[in-house]
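Taking the form predicted alone, here's one chain by itself in structure tokens.
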């Protein structure tokens, strides 16, 4: 086992898709980071993600950011010889009501004005793309450029590239606290008491970010939310071709949001988000069971859209905890403790933004300018971790 280094130029805390992406971006900038993950790499919400990549239904404000991030995912796919299973499958949003139809029309018009190939399809047109589609739909939004990646393979590809660029990565190494002297970060201490001195630390550990920040009197507005999913046994390739979701004019993952897709291995993956319930303290540290109401809602939605799947056997389910902010956007950037950056608050869509956020954080740490200036300024505005500032707390 490789011993922890005594010092590092940057320490990244958290080994999911965000932490792995930041480590790669820092290493490519020549910073030689050390990444510390409390458990297994990609084993928390990253591993439970459906990992959709694209701009569709995320709203206008982040369109340029997501378009840029999708290009970076394509580059990683090429560099890994598609070891991440990048699948440009497209995405369709189902519309069931007149109000949702009006919102869908507006959404498609806005995305087209920004260069997307989005369309509004009538039910018979939608069935040309998704032959088993049924149910009482009025229309479907459609974006042919949405893709998916294999979340486990993606994290491992990022880790491999980061190591090759000079990063050191350690799993099963929980960080117990940040070390501060004269008001600035000077290192981290692990749960076994080992210390790594560093002038820069990046907290990219999802809902666990708040615990480490709280020791420095930083009250980050991040709450853990239970994310759940069901998976069937393998079905013939092409049973489903697109990512199918409810039409979300404002983006984000709220109660009632549905996502259905077929993985390259053939499993049908599906969920319908239930109403937000208070999360018991420390729930994110345990692996819970899916809620019965979630199973019922998810199955009902699946069969409403795809009646032909009525005999689909469910193989497995899983629960993870994602980090949610009040406006469903990341907190990314420096906070009022010199040397400390945060990048957390995925709201269930961290894969979309990971490559851009990684460059944004790496640029902030190293002082380089690798992001286009317009995107850097946009990210600083949208993801400012101080936007919820209240008194002395973030």
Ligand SMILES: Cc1cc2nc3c(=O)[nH]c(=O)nc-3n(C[C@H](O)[C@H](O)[C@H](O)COP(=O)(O)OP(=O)(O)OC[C@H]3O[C@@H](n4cnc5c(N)ncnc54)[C@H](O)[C@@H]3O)c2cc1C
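Residue numbers count along the first chain shown, from 1. Worth saying up front: this structure is predicted, and the values here are computed from it rather than measured.
Keep in mind that the form predicted together with the ligand is missing from the display, and what follows is about it.
Put simply, of 328, 337, 52, 31 only one has a heavy atom within 4.5 Å of the ligand in the model of the complex, and it is 52. Contact annotation: of the candidates 44, 27, 65, 365, the single residue with a non-hydrogen atom within 4.5 angstroms of the ligand in the model of the complex is 44.
With respect to the ligand in the model of the complex, the three residues 36, 174 and 349 uniformly fall within 4.5 angstroms at the level of their nearest heavy atom. Residue contact with the ligand in the model of the complex: residue 299 places no heavy atom within 4.5 Å of it. A residue is said to contact a partner when one of its heavy atoms sits within 4.5 Å of a partner heavy atom; residue 198 fails this definition for the ligand in the model of the complex, lying far away. Among residues of the shown chain, residue 229 is one whose heavy atoms approach the ligand to within 4.5 Å in the model of the complex. Taking non-hydrogen atoms only, residue 95 never approaches the ligand to within 4.5 angstroms in the model of the complex. The stretch that touches the ligand in the model of the complex, counting heavy atoms within 4.5 Å, is 198-206, out of 198-206, 110-118, 82-90, 178-186. For the partner-free chain shown, 13, 14, 15, 16, 17, 18, 19 of 1-24 come within 4.5 angstroms of the ligand in the model of the complex, judged by any non-hydrogen atom.
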